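Two forms of the same protein chain are encoded below as structure tokens; each is given separately, as structure 1 and structure 2.
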Structure 1
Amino acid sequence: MPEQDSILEGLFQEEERLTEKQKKIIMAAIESFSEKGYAATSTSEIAKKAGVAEGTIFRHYKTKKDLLMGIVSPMMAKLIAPFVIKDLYKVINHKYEHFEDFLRAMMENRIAFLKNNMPLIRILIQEIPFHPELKEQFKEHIAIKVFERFVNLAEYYQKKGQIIDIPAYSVVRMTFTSIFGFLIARYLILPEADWDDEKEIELTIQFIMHGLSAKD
């Protein structure tokens, strides 16, 4: 699988107006927010990590919340959404012959994406529940578009007789819950555990297939 570019690299290419100090501040903030969470991170800590005076942060961002939104908002609209959707559509548009093959390809695709963008994904997962603005942006730019495509895909495999006849949105919900439950546990909650990735991926796929496969 070819190496994917990171979203952060895309941001710096997109936002050419960013100064070197701003880039250092953003990188330090991402690292700190990812490791400790937004609430537990101080601007003085970010400044120290970025090698700038704390006042420099406030010249660019009025508050710590502005710094968070200044990182996440443009990434969500300009980079994360197109990046996620374009990359995911490579799998969705392939129209694999079997639902099981699609599941395997999607898991490989999302693992590569997570590995290349771990700090930002961690921030999104941690902060979206506590910031309504981020939740709305996520729904607008990613969730709704992706969900609709997955519903269509579920209906495609149902017509082929490979998935049981239940509402397509339920198929999507059950599939997402299983796959992203594994990914979050593996890469965000318990990355230090002794994982057998190949085995766990296969078990996750078989768990989904056992529940959704149409029985002859």
Structure 2
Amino acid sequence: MPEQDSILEGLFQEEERLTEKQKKIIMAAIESFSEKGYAATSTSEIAKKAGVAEGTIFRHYKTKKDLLMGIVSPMMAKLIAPFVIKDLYKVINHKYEHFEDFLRAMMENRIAFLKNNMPLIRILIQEIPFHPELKEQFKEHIAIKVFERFVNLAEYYQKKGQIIDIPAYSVVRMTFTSIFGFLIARYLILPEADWDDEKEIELTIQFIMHGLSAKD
């Protein structure tokens, strides 16, 4: 499924006008921002890593912050939302009759997404607290659009009698929480531990299913 492609490659394909050097700059910036954080990364460091003169960075991005935004914004704007929407259509088109199937599909999809875009996601997570614009964008794209659609989805499965009858946004919160809790523990906090992914995913799904099951 090409939809799990890396954001970066997608970005490079879409924007064909990008120079070789520009791509290198972006890749170097992602690497450094991800490892040390935006504020602790110097442009000279990025230039060195990209094999480019310092001035070259500023040909393409007026400021260092521009560079950050140039990396993070398209990610949120063009790439996260569409992904989710595609998934949603599948569900809405009755591809996933049961909430459990949807859960399983979503977890697989998100894990693939995470694996292919770890550095970018790190940056997003790490920098959001410090940049109000990012927080704003995040709220707009994720919290509103994505969350809203998932709430609809939850209501859909509630109506089908598969999920307990509590406020739909609480359903979404607890589902998200369990899935991302696993992903964060798995890929960010303890990536070096040896995980039995299959089993943990299954346990997590069962946990959510039991937690939200209507038959009680």
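Everything quoted here is computed from the prediction, not taken from an experiment. We call the rigid core whatever largest set of C-alpha positions still superposes within 1.5 Å between the two forms. Every residue number counts along structure 1's sequence, beginning with 1.
- Here the chain coming from the form predicted alone is structure 1, while structure 2 comes from the other form.
- After superposing the rigid core, the Cα of residue 162 is displaced by less than 2 Å between structure 1 and structure 2.
- In a rigid-core overlay of the protein, residue 30 has its C-alpha displaced by under 2 Å between structure 1 and structure 2.
- Comparing the forms between structure 1 and structure 2 on their rigid core, the Cα displacement of residue 142 reaches 2 Å or more.
- Overlaying the rigid core between structure 1 and structure 2 leaves the Cα of residue 69 displaced by 2.6 angstrom.
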